[in-house]
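One chain follows as C-alpha cells, the form predicted alone.
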Amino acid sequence: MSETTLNPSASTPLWRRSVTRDLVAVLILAAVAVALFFLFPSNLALLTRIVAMMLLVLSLDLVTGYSGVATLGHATLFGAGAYAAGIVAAKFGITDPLLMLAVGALAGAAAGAISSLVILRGHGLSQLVLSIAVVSLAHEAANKLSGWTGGSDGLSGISPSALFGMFRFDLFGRTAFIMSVVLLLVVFVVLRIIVRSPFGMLCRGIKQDPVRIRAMGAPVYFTLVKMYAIAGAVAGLGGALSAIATKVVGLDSLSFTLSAEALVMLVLGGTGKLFGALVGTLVFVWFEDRVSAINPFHWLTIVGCLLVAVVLFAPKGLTGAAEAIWKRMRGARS
C-alpha cells in the first residue's frame, strides 16, 4: 500500500493545502469578529483597540518570533504610525481614513528601518538595552515637540472623514470596528504569505543559526532590516488605526509599558505563530479589562497570576498548548 493511500493529504499539492489553511484561518477570524460584533455591541471601542494591539503584536512576532530579534522598544513603530496619522489629519487636513492608514504604515516602516540600524548592532542583552534606548528617545522627542505632537496633553483635533464618503465614524464605533477587522484580515493573509516565502524562511534560518546563514553568503543584517521595515509598516497601521478610532494620540503610544505589554501578549499566545499573536492579545486585553472593572485595586495581581500560570504550565503559549492537546487527541484516536 502506497504512502498516498495511507495519507490522502500527501497527494494534495503543498500550495493548495496552504491556501486551504489560510482560507480556514480567515473564516475563523471573520466568524469570531461577527460574533463579537453582535454579542458586545456596547464594547466595540474596546474591540477596535484590541485589533489595533493585535497589529502591534503581529509586528512584534515578525521581529522576535520569526527573526529572533530581542526588543522591548516596539512601541516606537506603533507610536510613529499613530502620530503620523494624527499629525496629517490635525495639522494638514488629510482626514481620509485610508490615507491616514497609508501614512501610518509608511511612518511605521521608516521608523522600523531606522531603529533597526541601531538595534541590530547589538546581540542578546545589549539588543534589549538598545531597543529600550530607542523607545525612550522617541518618547522624549514626542514630548519635546509639543507644537506638533501636543506633548504631555496629547494630540487632539483628529476628525477622520467618512469612510468612502458614506460610512461615518459614529459614537458606537461600528465603522471603526468593521474597518479594523477588514484591515486585520488583509494583513493576516499577507503576513502568512510572507512568513512562508523564501524571505520568511531565511529569517527563520537566521533565528536558528545566523552564523551558518552568514557563511552561506546570505545578507543577515540587511535581511533583518527588511523584516523590521515590514514589521514597522504593520505596527504603524495599528497606530494609525488607534488614532482614527480614538481621535487622540498620547505619549502612552510611545511608552516602554506598551512595548512590554505587547511582548507579554506574544508570549501568552505563542511566539512564532501569527494566530498565537491574535489569541494572546485578545485574551490579555479582554481579561485585563474585565478584571480591572471587577477589582480595580488588585487586578494587576490577578493578571500576574494568570501570566505565571501560563508560563509555567504552557511554556509555548496558549496556541502551543492547544496544538499539544490536539495532537494527543489524534494520537489517542489512531
Partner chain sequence: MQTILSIGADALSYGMVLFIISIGLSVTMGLMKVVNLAHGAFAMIGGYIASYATQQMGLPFGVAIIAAVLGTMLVAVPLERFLYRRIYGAPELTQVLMTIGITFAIIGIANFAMGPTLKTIALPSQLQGPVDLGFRTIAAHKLFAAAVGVVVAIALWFIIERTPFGVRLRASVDDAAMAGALGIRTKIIYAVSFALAVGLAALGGVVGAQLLPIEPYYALHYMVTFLVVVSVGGAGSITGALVAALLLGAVQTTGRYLMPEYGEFFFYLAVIAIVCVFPNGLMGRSK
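Keep in mind it's a predicted model, so treat the numbers as computed, not measured. Numbering follows the first chain given and starts at 1. Think of the rigid core as the biggest set of C-alphas that the two forms share within 1.5 Å after superposition.
Form predicted together with the partner chain: not shown, discussed below.
Student: If you check A110, L99, L251, L130 against the partner chain in the predicted bound form, which one has a heavy atom within 4.5 Å?
Tutor: Contact check passes for L130.
Student: Determine which one of 273-281, 51-59, 294-302, 32-40 lies within 4.5 Å of the partner chain in the predicted bound form, judging by heavy atom distances; exactly one does.
Tutor: Among the listed stretches, the partner-contacting one is 294-302.
Student: Even though the partner isn't displayed, in the predicted bound form is F169 close enough to the partner chain, meaning a heavy atom within 4.5 Å?
Tutor: Flag for F169 set to no.
Student: Closest heavy atom of R121 to the partner chain in the predicted bound form, within 4.5 Å or not?
Tutor: Yes - in the predicted bound form, heavy atoms of R121 and the partner chain come within 4.5 Å of each other.
Student: Taking the partner chain as it sits in the predicted bound form, is S67 in contact with it (heavy atom to heavy atom, 4.5 Å or less)?
Tutor: No.
Student: If we define contact as a non-hydrogen atom of the residue within 4.5 angstroms of the partner, is A90 a contact of the partner chain in the predicted bound form?
Tutor: Contact check for A90: no, nothing within 4.5 Å of the partner chain in the predicted bound form.
Student: Which of the residues spanning 129-154 lie within 4.5 Å of the partner chain in the predicted bound form, based on heavy atoms?
Tutor: Result: V129, L130, I132, A133, V134, S136, L137, E140, A141, K144.
Student: Superposing on the rigid core, I want to see if V311 changes position between the shown form and the other one - specifically a Cα shift of 2 Å or more.
Tutor: The answer is yes, as the C-alpha of V311 shifts between the shown form and the other one by 2 Å or more after core alignment.
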